[in-house]
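A lone chain, given as structure tokens: the form predicted on its own.
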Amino acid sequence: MEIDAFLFDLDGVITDSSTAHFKAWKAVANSYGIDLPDSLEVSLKGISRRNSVEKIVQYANIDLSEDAKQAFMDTKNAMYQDLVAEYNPDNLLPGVQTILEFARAHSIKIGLVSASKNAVPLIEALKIKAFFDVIVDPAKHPSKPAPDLFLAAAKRLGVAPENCVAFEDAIAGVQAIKAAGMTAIGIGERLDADYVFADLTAAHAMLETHV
């Protein structure tokens, strides 16, 4: 396996802000009289705010105007920002710092490929922004499971997609990686990735044997 770049999702891979996302969605949904089951969380991972609110509306079988949908998203985002405002390096998931330092030591380029529009302030709070050579703007590309975000990262880094290893914890994210022709490493469980690990510590141990 020739590796020129590591591409990272954010929520659920670098830090556990995915729970904050769902907590905010649940709270806002409750204000609309919608009780979101915990089982819905996995389908909201790794996708855009717009796609998330559409899934919630579909689940609840209700009609909302475009203005109401935008208000739903805006309220959710404000609540999410409040929840993650106090994040710091202690909120990094296991293995993150090690694998970032490993990439730097082996001249492997690093990209951030997140559907979150709050990615930059969050990685600044986590004190890891300096590691990233590229941070893809999710507003400029179709969201996952489309491969566009990952392909945009590879293009900006100047590397071939087949030489990229990408890390995801969401089904839509893994689908996007595969559609981009990259090696998919799933973080978590029940993911149809090329490799699946509990966290980046285990992923790093495997990658050390390929570099």
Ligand code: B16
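Note that the structure is a prediction, hence the values are computed from the model and not measured. In case it trips you up, residue 1 is the first one in the sequence shown, and so on.
A second form of this protein, the form predicted in complex with this ligand, is not displayed here; the remarks below concern that form.
Checklist line | Partner-contacting position among I171, A180, A184, I47 - heavy atom within 4.5 Å of this ligand in the model of the complex | finding: Looking at the other structure, the residue within range turns out to be I47.
Next item on the list: Identify, from the list N91, N118, T98, T75, the residue with a heavy atom within 4.5 Å of this ligand in the model of the complex.
Entry: When this ligand is considered in the model of the complex, the option within 4.5 Å is N118.
Next item on the list: Please state whether every one of the three residues K109, A166 and T201 places a non-hydrogen atom within 4.5 angstroms of this ligand in the model of the complex.
Entry: Not a single residue of the candidate spot has a heavy atom within 4.5 Å of this ligand in the model of the complex.
Note to self: Test of understanding: in the model of the complex, would L10 fall inside 4.5 Å of this ligand by heavy atoms?
What the structure shows: Contact with this ligand, yes.
Note to self: With a cut-off of 4.5 Å between heavy atoms, is S52 one of the residues that contacts this ligand in the model of the complex?
What the structure shows: Looking in the model of the complex, residue contacts with this ligand include S52, since a heavy atom lies within 4.5 Å.
Check: Can you pick the stretch from 61-69, 39-47, 26-34, 158-166 whose heavy atoms fall within 4.5 Å of this ligand in the model of the complex?
Finding: Single hit among the candidates: 39-47.
Checklist line | Neighbours of this ligand in the model of the complex among 128-149 [non-hydrogen atom within 4.5 angstroms] | finding: The one in contact is K144.
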